[in-house]
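Given next, in structure tokens, is a single chain: the form predicted alone.
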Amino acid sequence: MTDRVALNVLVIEDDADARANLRDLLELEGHRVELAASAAEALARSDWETLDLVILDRQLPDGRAEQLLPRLHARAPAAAVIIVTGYSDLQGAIAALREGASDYILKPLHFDALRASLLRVAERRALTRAKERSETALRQLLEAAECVILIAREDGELLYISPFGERLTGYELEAVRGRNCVELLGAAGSRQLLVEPFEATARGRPVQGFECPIVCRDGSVRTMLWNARRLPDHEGAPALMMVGQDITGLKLAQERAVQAERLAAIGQMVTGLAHESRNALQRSQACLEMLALKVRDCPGALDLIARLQAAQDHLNHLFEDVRGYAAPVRLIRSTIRVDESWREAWAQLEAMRRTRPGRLIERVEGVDLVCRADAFRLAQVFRNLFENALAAGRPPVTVVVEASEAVLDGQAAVQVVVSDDGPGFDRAIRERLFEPFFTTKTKGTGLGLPIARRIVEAHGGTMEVADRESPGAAFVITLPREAP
């Protein structure tokens, strides 16, 4: 039987001749055979896990097959059981099959009938082992795959989430099994997108390349690219399997690439317009000053001229913001005290503080604030933060600057936290504050904070918005003491 599966067989038969005949027939077919003359002898064994088949005499001196079958299945759940008997009663056969017997054969044994039964057992065993290998391979694949794999019922009930999915989302399978996966993972405003794969696959149409965000346990949002397919039978009922690739980083990289191209175009445009624009602004400013002299006795005209000059100053400010962001950051380093830069920035806002009163509180006791940096550029960073705080808060605004020793990339650094008592930012806004052209103001280019971060990063430092709820916003600046 070289082309068949060899089985490990236990024969439980009280008749010695019948035992010997069965052993000879089975070994002739290539199976491995062990013998027991009674139920007690068989039940005393300890190697049940090795058995593929038990051939059991229905009527033994110490027990009947119907009584022994549950005990045999408990010891060897994977083994098939064939009942052999000299009694042809129908009720006995039915009782044995109800207790889990694989077959019921009458004595005297017919070799062809026994061979056919053995073949069926061997085929089932081969299929079971193939299924186990397949399930093991699938389980290993699911556990190793660097993607989110979800299996859910058609009504959304979550049945499975892969280990990578657990790590990415922060949800452990045992804690969320049975939850509705759309309600659990669907992002606000886009949950309907997560419903679409269920609807599509229910109509028999697989889903490929479907982009939909999910919300993780910590509230962060990940952009996922999904493939979905209907499983006709998963644990006894239809289900949906969704395989998702986290493309959040890719999307950000694409957005940065598009932004870089846009900024490069702006830089080229600004370079060409810079000279003529400055000349035009200077000429218009000179003309406005001359006009003001001629109509100095006309308050209404002077008011209009002042408004024109303010609009021109605003235009010049916008132009300088765009030019400053597009241009490379060039530093003139020297040994400075960081507190001198933020005090200079606060002093520069004296005019603004006449209409938007505020106070500056410093908490820097015992901190060495000396580092190698560009004092002018750092003042530009602090001026932006102070100006935003004064504009956003309710006067009188309190701005607090705290300094501490820090380590950045293994090097000594100074950390400065600038906070205020204004309205602060929600999570969605915090995630976009450093995007060029994003602004919460009614006026402005949205380049102030991106420029400030570029300046800090040019120093080899970092600038982040603190992850805290309102009231108040806080920015954390970490600067290396020495030039990188």
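The first residue of the sequence shown is number 1, and the count goes up from there. All values derive from a computational prediction rather than experimental measurement.
Omitted here: the form predicted together with adenosine-5'-diphosphate. The next part is about that form.
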*May I ask you to choose, among Ser341, Thr201, Asn388, Ser162, the residue with a heavy atom within 4.5 Å of adenosine-5'-diphosphate in the predicted complex?*
Asn388
_The unique member of Leu53, Ala39, Ala65, Leu447 whose heavy atoms fall within 4.5 Å of adenosine-5'-diphosphate in the predicted complex_ = Leu447
_Given a 4.5 Å cut-off on heavy atoms, tell me which of 420-428, 25-33, 66-74, 41-49 is the interface stretch with adenosine-5'-diphosphate in the predicted complex._
420-428
*Give a yes or no for Leu433: in the predicted complex, does one of its heavy atoms lie within 4.5 Å of a heavy atom belonging to adenosine-5'-diphosphate?*
yes
*Report yes if any heavy atom of Gln415 sits within 4.5 Å of a heavy atom of adenosine-5'-diphosphate in the predicted complex; otherwise report no.*
no
*Residue contact check: Val9 to adenosine-5'-diphosphate in the predicted complex, 4.5 Å heavy atom*: no
*Does Thr440 reach adenosine-5'-diphosphate in the predicted complex if we count a contact as any heavy atom within 4.5 Å?*
yes
